[in-house]
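Here you get one chain, nothing else, as structure tokens; it is the form predicted alone.
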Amino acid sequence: MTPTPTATSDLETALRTTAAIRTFTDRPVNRAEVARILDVARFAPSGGNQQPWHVVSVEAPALRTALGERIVLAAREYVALGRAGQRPFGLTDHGRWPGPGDVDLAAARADPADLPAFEGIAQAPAVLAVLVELGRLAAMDAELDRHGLVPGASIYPFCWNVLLAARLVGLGGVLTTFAVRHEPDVLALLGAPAGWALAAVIALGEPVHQPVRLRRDRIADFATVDTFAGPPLITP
């Protein structure tokens, strides 16, 4: 039997074992627990300390169903692109998405095949929609000829803090951006005002299984000295 996940107050343990958790037990996660997680996560850094986030705890069954439907639609596209040998929605054309190529995304969305890894996200014990106020972001790459990346530095550290804070109290979760494919619909469902965007949906709960060893590249595989092709920061 898999042992019940336990809380940890050790930062290194949390950093090394906070995995993407998509399968949860039936234990509910109440508002007080969500508030505790957000109380820790709110200390995330953001550009100019703007703290441009707003979190909607999605609880109503109808909202969860609608949100889940949109996540699954995007997941079907993602899977279809991957099966065609593409990095789904990858920025492979000089930093921009080149489009679906020969993949029929409308047909992919209509594919009724089961996608259990995605179908349960919106039915997790706790579901958080993380919104971001666009006017409070600084896009230092706004004039570069590629898809923008930098504004995410003011919202995704907060999202990561949510997952770390959940790990600290014995919960787990997963961050997904699939619903962003249907951002106008989701913002309307949540009653978001103009000027806000959907950054992520985070599902939280008690993990059925808590990984203790995550597969990651070695430091020597990604860190070099002085130049991209310089010597490894450390030897293998």
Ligand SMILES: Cc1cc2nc3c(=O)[nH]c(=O)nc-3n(C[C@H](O)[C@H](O)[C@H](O)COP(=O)(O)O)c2cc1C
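Quick note: we count residues from 1 along the sequence shown, nothing fancier. The structure presented is a predicted model; accordingly, all values stated were derived computationally and were not measured.
Beyond the structure shown, there is the form predicted in complex with this ligand, which is absent from this document and is the topic of what follows.
**Q** In the predicted bound form, is there a heavy atom of this ligand that lies within 4.5 Å of any heavy atom of residue 212, even though the partner is absent here?
**A** Residue 212: no contact with this ligand in the predicted bound form.
**Q** Contact between residue 216 and this ligand in the predicted bound form at 4.5 Å, heavy atoms?
**A** Residue-level check for residue 216: yes, a contact with this ligand.
**Q** My question is simply whether residue 177 lines the interface with this ligand in the predicted bound form - judged by any non-hydrogen atom within 4.5 Å.
**A** Output for residue 177 is yes: heavy atoms within 4.5 Å of this ligand.
**Q** Taking the shortest heavy atom distance, is residue 118 within 4.5 Å of this ligand in the predicted bound form?
**A** So residue 118 counts as contacting this ligand.
**Q** Where does this ligand sit in the predicted bound form: which of 188-196, 169-177, 59-67, 42-50, heavy atoms within 4.5 Å?
**A** After filtering at 4.5 Å, what remains is 169-177.
**Q** Are there residues in 22-52 with a heavy atom within 4.5 Å of this ligand in the predicted bound form, and which are they, in order?
**A** Just 22.
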